[in-house]
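Next up: just one chain, as structure tokens, the form predicted on its own.
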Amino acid sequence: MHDLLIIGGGINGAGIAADAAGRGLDVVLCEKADLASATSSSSTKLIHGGLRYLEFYEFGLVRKSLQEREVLTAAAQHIIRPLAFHIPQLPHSRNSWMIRAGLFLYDNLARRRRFASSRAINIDPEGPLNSAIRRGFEYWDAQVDDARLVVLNALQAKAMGASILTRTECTAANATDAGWRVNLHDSLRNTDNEIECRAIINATGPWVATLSELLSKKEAQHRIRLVKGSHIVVPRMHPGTQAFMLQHHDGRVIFVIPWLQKFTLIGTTEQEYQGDLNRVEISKEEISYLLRIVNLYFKKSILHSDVVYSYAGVRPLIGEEGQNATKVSRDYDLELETKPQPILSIYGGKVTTYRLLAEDALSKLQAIFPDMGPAWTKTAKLPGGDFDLPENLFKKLASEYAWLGPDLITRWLNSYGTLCFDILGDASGSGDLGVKFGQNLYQKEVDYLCRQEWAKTVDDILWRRSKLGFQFSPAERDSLSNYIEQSLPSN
């Protein structure tokens, strides 16, 4: 019998799996699709304290988020990097004194080691912003590859002994005298497997209330708010490395963030959502909303035709009906049901606080697993993060594998960190990398992703593991897809 079954392969499920396995529990995680295939890969790609949450007096949430910003940046500096944000001021913007006060709190609510202080700035009239904008502010947060953060936690869980089952759906769960008997359906192999476990964690995000009611046979503790957040990607809008936080008339803020060298990421919207959770898409109205705000601030206007990519995700928020979605807390709540057998449901949460959420979840289960080990993740490196400075790791890779070239070294470093050495092994030249599918994606990397990181399809690799989907032609995509299907049938 297993100790713990975690249902849901997003950031919360993967984070709990890693923490629990590291405490000595026998853990199984099942995910009906790919890791990070829903909300966890549809974020604004930030590890941040949440500057705007200060307006709603969420001081506790901001403080713990700022503390986690330091912890996570230290744990995974290959995929999490500090990023400067500029706040340009227009007449409708929040008062300068209000922003100064907010930034003072943001700088001082938690100890900073890796992030610079905020400051007032003058806006260069020759820069990308509307020439009427002369003043603003600068503060710092961090950018993250959100999908890879999930995968790294799953890798950490696997290294600690957890079983990670993707494309595997929990289709039935029945209470027994000892715990739960659960049926797991493998959609790729079209097979069913029955397992037993002592407790279940429901980390299914937007599906949490539905699954909670199915398992506990009673109404869920919370009526969650499903709020859709959508983003667009356009060609790079400015040459600088800074991001922008734009303030709108309706009180919302929109981020404009440099992304993947050639692109700019813009988001997010907030709309109540009642549609199909498996088919969440941006609307034309949301695209227009984002374009209007950006065009108000930037000299160069962008059009619908400039949008090269878009994505949308649904956040499960806890809040009272009728309250503006912008004001609903991004904090989390954990509800433990002990009858008919233990099931812990995860409500709410945000990427930045996933590690704390995992610790709190296991604290809730202390009475069920009294012999489990202590919390340990606060000082642990995530897989690939065991190096001092990115520039030193780059030099080491360039010294040992100079033939990779700077572009491939940079991309691998920013995705894999020291895992690059596991991928390369004893390779001594480009010929050892195998078939080149396009855009510096080689067979050796594809094999690694399929065998070690649970990649099963072309989208798993091009969008959630590498972000090379933008650069692949249809022919290259087909070639990669055929290789995965024909050469790796049992991955």
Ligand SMILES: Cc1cc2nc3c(=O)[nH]c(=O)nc-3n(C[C@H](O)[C@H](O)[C@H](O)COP(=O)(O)OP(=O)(O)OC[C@H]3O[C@@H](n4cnc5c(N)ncnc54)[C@H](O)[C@@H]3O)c2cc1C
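Please read all numbers here as calculations on a predicted model, not as lab measurements. From 1 onward, residues are counted along the sequence shown.
One more form of this protein, predicted together with this ligand, exists but is not displayed; see below.
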Examine residue 83 and determine whether its closest non-hydrogen atom to this ligand in the model of the complex is within 4.5 angstroms. no
Quick one: is residue 30 in contact with this ligand in the model of the complex, heavy atoms, 4.5 Å cut-off? yes
At the 4.5 Å heavy atom threshold, is residue 37 in contact with this ligand in the model of the complex? yes
Examine residue 465 and determine whether its closest non-hydrogen atom to this ligand in the model of the complex is within 4.5 angstroms. no
Heavy atom within 4.5 Å of this ligand in the model of the complex - the one residue of 231, 78, 148, 355 that qualifies: 231
Contacting member of 351, 87, 197, 420, with respect to this ligand in the model of the complex [4.5 Å, heavy atom]: 351
Here the chain appears without its partner; judged in the model of the complex, the stretch of 391 to 399, 408 to 416, 336 to 344, 306 to 314 with heavy atoms within 4.5 Å of this ligand is 306 to 314
For the stretch 1 to 24, which residues lie within 4.5 Å of this ligand in the model of the complex by non-hydrogen atom distance? 7, 8, 9, 10, 11, 12, 13
